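Next comes just one chain, in structure tokens: the form predicted on its own.
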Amino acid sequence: MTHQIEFVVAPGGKLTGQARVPGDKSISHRSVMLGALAEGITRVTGFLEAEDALATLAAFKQMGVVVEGPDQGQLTIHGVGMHGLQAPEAPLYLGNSGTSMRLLSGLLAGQSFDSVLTGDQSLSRRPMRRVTEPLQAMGAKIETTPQGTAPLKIYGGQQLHGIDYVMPVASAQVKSSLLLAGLYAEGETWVEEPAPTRDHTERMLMGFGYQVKRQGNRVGVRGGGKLIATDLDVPADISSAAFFLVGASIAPDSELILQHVGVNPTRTGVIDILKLMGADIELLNSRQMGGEPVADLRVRSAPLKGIQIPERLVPLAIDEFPVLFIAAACAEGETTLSGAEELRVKESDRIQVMADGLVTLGIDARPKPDGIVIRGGQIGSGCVHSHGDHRIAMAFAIAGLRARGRIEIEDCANVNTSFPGFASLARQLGLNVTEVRHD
């Protein structure tokens, strides 16, 4: 029985105080994957106890990995080594998590056993050929539906060989999938990216003692090595912090400190874009945790202006655009985004769904095939549909800070895939949001 959850946001308010948002989703996924394949015991703190990362955890438990927790973000993973996974007795169900499915397809392509990856309705529509085709070039045997979507049937016992792959589209998930397959391949596997994407996989492989080679925009691994268990403290997720970075920027008299946020340079596009728009964001107490840079972010309200978003920043902010569109709606003048076709194949078509919602709220938003043009104005009131997309639901909640009237957001249950407790934390910081459950 699924509950329908609706957010109702009363207009106005300001964001003040300090908070640590939940752990980074990308790093939480990878901590389980690499911890499971390592030799020894890996202890993780700050793990994101949300549906996507828990789907990855459940998959490894189904493959015989013993994990204690999660208990308040703490996990103890008893590694089984590179060849210690066991055949799952049933398909591995990954819910709404594209990261789990794409990374696991690479990792499982090199195992001795067969496996099947399935997901919910939304995940089952997302394109998977972008990972299955290069994996097949490495010698993997993977079947998709005729549409190139899940369920994925992965045949074990294939001898993988390294390839030199030039990615047509910048995608950290494709890159990570191929590097994980490369751990099991003969020779070296190289991936060349057309633009920088998040490098958590490379950093964490090195944290587990695996050699990763870099040459300019190429990254490579040699198969046949091993991973050694380590302790990890997962930083707070900048994608979750982004909602409050925008909220405190647009709501007058706001001042907020977001603690222990991961500021990996492949993820800070949202900060760079907001600063170009005139946002007042400072990084305090910068430090390194487990190979990842971390800082406290202080943000104060500031008048924003419309900009042409530089295309080089697009892959570095790909998950943060829904809330950046809210910043654009509150900015003076016009904001233009190009080179972001990728947004059309996320949990929803984020360009179209955000444009529809903004227009409903009285904002001039014009979608383009690879982006959008948004003219800042007065956000009105109305009912918007999130299409089950967690980031869209949270983005429109933040819009309430500058709205003229009440905003209702339908279909918000999936917020739990990335940010459990979003509504209560947002309320503590000053957003007038209530959750309404419909059984």
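Predicted model only: the values in this text are computed from it and were never measured. Heads up: residue numbers just count along the shown sequence, starting at 1.
Not on display, but discussed next: the form predicted in complex with shikimate-3-phosphate (S3P).
Using the partner position in the predicted bound form, report whether Thr268 sits within 4.5 Å of shikimate-3-phosphate (S3P), counting heavy atoms only.
Looking in the predicted bound form, residue contacts with shikimate-3-phosphate (S3P) do not include Thr268, since no heavy atom lies within 4.5 Å.
Considering non-hydrogen atoms and a 4.5 Å limit, does shikimate-3-phosphate (S3P) approach Ser26 in the predicted bound form?
Yes, contact at 4.5 Å.
Please check if Lys346 has a heavy atom lying within 4.5 Å of any heavy atom of shikimate-3-phosphate (S3P) in the predicted bound form.
Lys346: yes, in contact with shikimate-3-phosphate (S3P) in the predicted bound form.
Give a yes/no on whether Asp319 approaches shikimate-3-phosphate (S3P) to within 4.5 Å in the predicted bound form, heavy atoms considered.
Contact check for Asp319: yes, within 4.5 Å of shikimate-3-phosphate (S3P) in the predicted bound form.
Where, among 181 to 189, 215 to 223, 167 to 175, 146 to 154, do residues come within 4.5 Å of shikimate-3-phosphate (S3P) in the predicted bound form by heavy atom distance?
Stretch with heavy atoms near the partner: 167 to 175.
Though shikimate-3-phosphate (S3P) is not shown, can you say which of Ser240, Thr99, Ser115, Thr132 has a heavy atom within 4.5 Å of it in the predicted bound form?
Filtering the options by heavy-atom distance leaves Thr99.
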